[in-house]
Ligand code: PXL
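Next up is one chain by itself, shown in structure tokens, the form predicted alone.
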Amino acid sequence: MKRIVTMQDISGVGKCSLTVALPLISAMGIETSVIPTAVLSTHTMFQGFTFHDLTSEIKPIMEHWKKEGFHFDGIYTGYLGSFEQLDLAKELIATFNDKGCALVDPCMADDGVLYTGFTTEFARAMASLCAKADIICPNLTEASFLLGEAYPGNNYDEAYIQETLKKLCGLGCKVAVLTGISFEEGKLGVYAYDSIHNQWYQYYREELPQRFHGTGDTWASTFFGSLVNEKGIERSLQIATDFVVECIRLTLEEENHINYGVNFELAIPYLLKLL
């Protein structure tokens, strides 16, 4: 049985980060080990949430794993909240990335701005973590901060996206994926570049009328699980995108859908069919 480890925070209520990654990757038939970076009472769409940092626990966890001789088929990092956690993520990859399947989702920005508490210095440090990854999957805002370039908004063409992907691979990763890309009104998807094989991939679906917290984590978890299941880059992009669309569709069918996140639980049978 394949085994991966994912390093990110966990919320008691609300579907994002580990509360998405753990059930989804497990459902895909992969043993999912975790390094929680922080515990929150709810995800950040709710007001007044509690937060407890777990950075001091990460190093002892890795030391214990080294003593036990654990090995993993993949490593996946999501939201990381400090420079120290970025350094620990680099150590995790350096120590346990035996199979050359380390995915970094550089969760730090959207809609042209950094998340609260992050700085351009943090973005530069995130770029140094991306250099250690095999695959990265930023959105266009995150890509702009990683590269120290101006955010283009919706003013881009395919040549710009391809050049950006090449620059992202220039950071040190083998494969770069840009999420949330659109060249046609009503269509939204992903564009990827495999620098090792000089291959381009893109895939688009209909853009649904509402955005939900945690869909990026849902996409990245599904993409990573598919990769570890040896579906390849192109098919994994399709599986992850199709699954997120189905999750949103099912959530919108709920009469009073709220901000817990998408109802991915209801879409797991569909995911298994995709696999």
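Start at 1 and count along the sequence shown; that's the residue number. Because the structure is a prediction, the values reported are computed rather than measured.
Here the subject shifts to the form predicted in complex with the ligand, a form of this protein not shown in this document.
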Subject >> Listed residue (L237, L40, I35, V244) with a non-hydrogen atom within 4.5 angstroms of the ligand in the model of the complex >> reply: L40
Original post:
Any chance T44 has a heavy atom within 4.5 Å of the ligand in the model of the complex?
Top reply: yes
Original post:
Quick one: does Y79 come within 4.5 Å of the ligand in the model of the complex, counting heavy atoms only?
Top reply: yes
Subject >> Proximity of S17 to the ligand in the model of the complex, heavy atoms at 4.5 Å >> reply: yes
**OP:** Examine S11 and determine whether its closest non-hydrogen atom to the ligand in the model of the complex is within 4.5 angstroms.
**Re:** yes
**OP:** Sort through 245-253, 23-31, 212-220, 63-71 and report the only stretch with a non-hydrogen atom within 4.5 Å of the ligand in the model of the complex.
**Re:** 212-220
Original post:
Can you name the residues of 108-140 that have a heavy atom within 4.5 Å of the ligand in the model of the complex?
Top reply: Y115
